[in-house]
Each structure stands twice: as C-alpha cells, then as structure tokens.
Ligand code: ACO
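In the block that follows, a single chain appears as structure tokens, in the form predicted alone.
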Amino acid sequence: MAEHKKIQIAATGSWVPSHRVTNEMLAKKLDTTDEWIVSHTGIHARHVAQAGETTASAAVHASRIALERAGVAADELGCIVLATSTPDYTLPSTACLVHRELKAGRAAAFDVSAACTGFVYAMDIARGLMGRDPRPTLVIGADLMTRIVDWTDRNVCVLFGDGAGAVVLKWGSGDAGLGESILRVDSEGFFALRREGGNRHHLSEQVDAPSGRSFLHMEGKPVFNFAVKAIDEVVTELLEKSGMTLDQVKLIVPHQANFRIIDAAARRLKTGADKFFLNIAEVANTSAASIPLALDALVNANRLQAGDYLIFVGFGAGLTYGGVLVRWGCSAPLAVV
C-alpha cells in the first residue's frame, strides 16, 4: 500500500516591530481612553513599524525564522505566496522582494490580495500548487496597517497594528496536515471596508497630495455583522464537511479583528470565547498577518500537541471570508530561533 501523504505545516515564524504603542499613548493625542478602547475592541497595545521597516522586511524576518525551524533552505522552495494589503510597491509584487532578499533561487513568488482573509486564501492556493510542484512552499501574511490609517480618526486607527507571520508547508506522512477548506466572498458588501485609489482614473487625473481616499475606511456595523456571520458559517460548514463536532477541535484561530466579534460569533456557535485563541490584546488587527502571528504565538507558548485540530478562519475587505481545518503534526514544540 502506498504511503499516505498530506501537506503539513512544518514550521512557523513571526515578527512584530519593536516600537509598542499603548492605548494610554494614543489617549494623549486622541479623544479616547484606554477603558473605551479595551471595552470596545479588547486591544491594549499595538506594534508600529518605524522608518526603514517595510512589508517586505517584516515578511523576511518571519520567513527566516520559519525556514530555519523547518530545516529548509530558501533555494529549496518551490513558491513564495505572500498575502498582503500593504504592498511596498504597486508592482512588482512584494513577494518578489522577499524572494530577492531570501535568495530563493528558482522559486516562484507572488502576492495574494484578499485583505484579512489573505493568509487563508494563500494557504489554499499553496496547497493547490504543491500538487504540481512538491517542493516546500513558504506562505506569508504581512501587513503594515498603521501606514494606511488616518491617525486622527479615533474609530479606526486604534484598531490596527503591524506584523508578519509565516509558515513552511511540506509534504509529510501520517494523518496530520491541511484538511477541508472554504474560500468565499460576499461581494455585495465590497464598499463597506475599502482603501480607494488604484487605476480607476488615469494618472494625469490624480493628484500627488494625499487625500482622504488614501486612508482605510470602514463602516463598522455592517462589517461587524458580516464578520460574525462569516465565522459561524465557515466553522459550521468545515465541521460538517469533515464529519466532526466543535468539541473535537482544540482551538479556532481567527483573524484578530475585535474581541466583540469573536464573542458574538462564539455565542452563535454555542460555545465559549475561550474556544478561540486571541492575541489581539497585544498586537491589535494586523490584517493578513493576524492568523499566522496567532499560530506562532501558540507554538511559542507550547500550546499545541500532535493530533490537535485547529480551524483557521478569516474575514475581511471584499468582503472575503474563508477557513481551513488543520491537524497539527509536530509532536514537540518547535525551537524558538
């Protein structure tokens, strides 16, 4: 009988800027308080990239940790898939800059634009590519969200932080690995969460000076309602497709957007908020980086054992959403580099 193989997460890595901004620091500049921010979001602090720190450099930092832990050299990779909403350039893709810095040889490299669901989309895309090219694949979520928010808008800027997370995917034997997945979009709500710009107008019609269109805009209530529904739908359907119950899942690792969203989704799923792993209190909403950042936090805290089932679930602008069921395969915690 042929050996059963699945695509597995071989290692994780993450990076956040060293500059930490607390709610108290924001309260000195904005009409807000630590109490208000915590009660409405669950966020206590966020990490903000400084001059010289870019989406590409963040991705490279996280990737090097993941590659070293996995025992994979960059020139062994078949592909680099980078999920981001804050690319360093309109073109080329930021993944190409990461490829250049890592010296990834003959690997392919490209970006995925699916906002806060980007890492989930990238994981599923990578799995498809590995069916044709079995070499290890590097999947990254990296965003510098603080670069695109209006720091005078207290309703939006307090929500976001910067960071990057990465995983190395490899073919492996046994039952551990990536399971059922769901990728979807509710495009009727695309305007509720947006950053305008792009090429809707010819360059000659655009102005050089930044405008309100350059910043991230969010309509809070419709986005909140969408997110709660999306989590419920994705988790429920993944369990149905897998023939499992929620009790069999150790943790749901969601996009870290807002504690109130997670709390409401937990009630819809008839479970407690402790079923979800959250690190939003320290890193805030890091968009495509949030799920791999949370996963690496679990690894570093020795919270996972071989055989544990996890559900990654994302939701974001588009309105994209999706999830993937993962059976963890590492029998011992990975060494911290």
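These numbers were taken from a predicted model, which means no experiment stands behind them. Start at 1 and count along the sequence shown; that's the residue number.
One more form of this protein exists, namely the form predicted in complex with the named molecule; it is left out here, but the text below deals with it.
S.K.: Only one of V139, A95, V253, V158 gets a heavy atom within 4.5 Å of the named molecule in the predicted bound form. Which one?
M.R.: Here the answer is residue option V158.
S.K.: Have a look at V234, A265, M145, L77 for me and say which one sits with a heavy atom within 4.5 Å of the named molecule in the predicted bound form.
M.R.: Only one option qualifies, and that one is M145.
S.K.: Given that the partner is absent here, does C116 sit within 4.5 Å of the named molecule in the predicted bound form, heavy atoms only?
M.R.: Because a heavy atom of C116 falls inside 4.5 Å of the named molecule in the predicted bound form, the answer is yes.
S.K.: Since only the chain is shown here, I'm wondering whether A317 would be in contact with the named molecule in the predicted bound form (any heavy atom pair within 4.5 Å).
M.R.: Taking the distances in the predicted bound form, the answer for A317 is yes, it comes within 4.5 Å of the named molecule.
S.K.: Would N258 count as touching the named molecule in the predicted bound form under a 4.5 Å heavy atom rule?
M.R.: The answer is yes: N258 has a heavy atom within 4.5 Å of the named molecule.
S.K.: Quick one: does L239 come within 4.5 Å of the named molecule in the predicted bound form, counting heavy atoms only?
M.R.: Outside the cut-off, so no.
S.K.: Would you check whether the named molecule, in the predicted bound form, lies within 4.5 angstroms of a non-hydrogen atom from each of T12, A104 and K170?
M.R.: So, no: the whole triplet misses the named molecule.
S.K.: Which of these stretches, 48 to 56, 308 to 316, 269 to 277, 63 to 71, has heavy atoms within 4.5 Å of the named molecule in the predicted bound form?
M.R.: Single hit among the candidates: 308 to 316.
S.K.: If you apply a 4.5 angstroms heavy atom cut-off, which residues in 218 to 254 are near the named molecule in the predicted bound form?
M.R.: The stretch 218 to 254, when checked against the named molecule in the predicted bound form, contributes M218, G220, K221, V223, F224 at the 4.5 Å heavy-atom cut-off.
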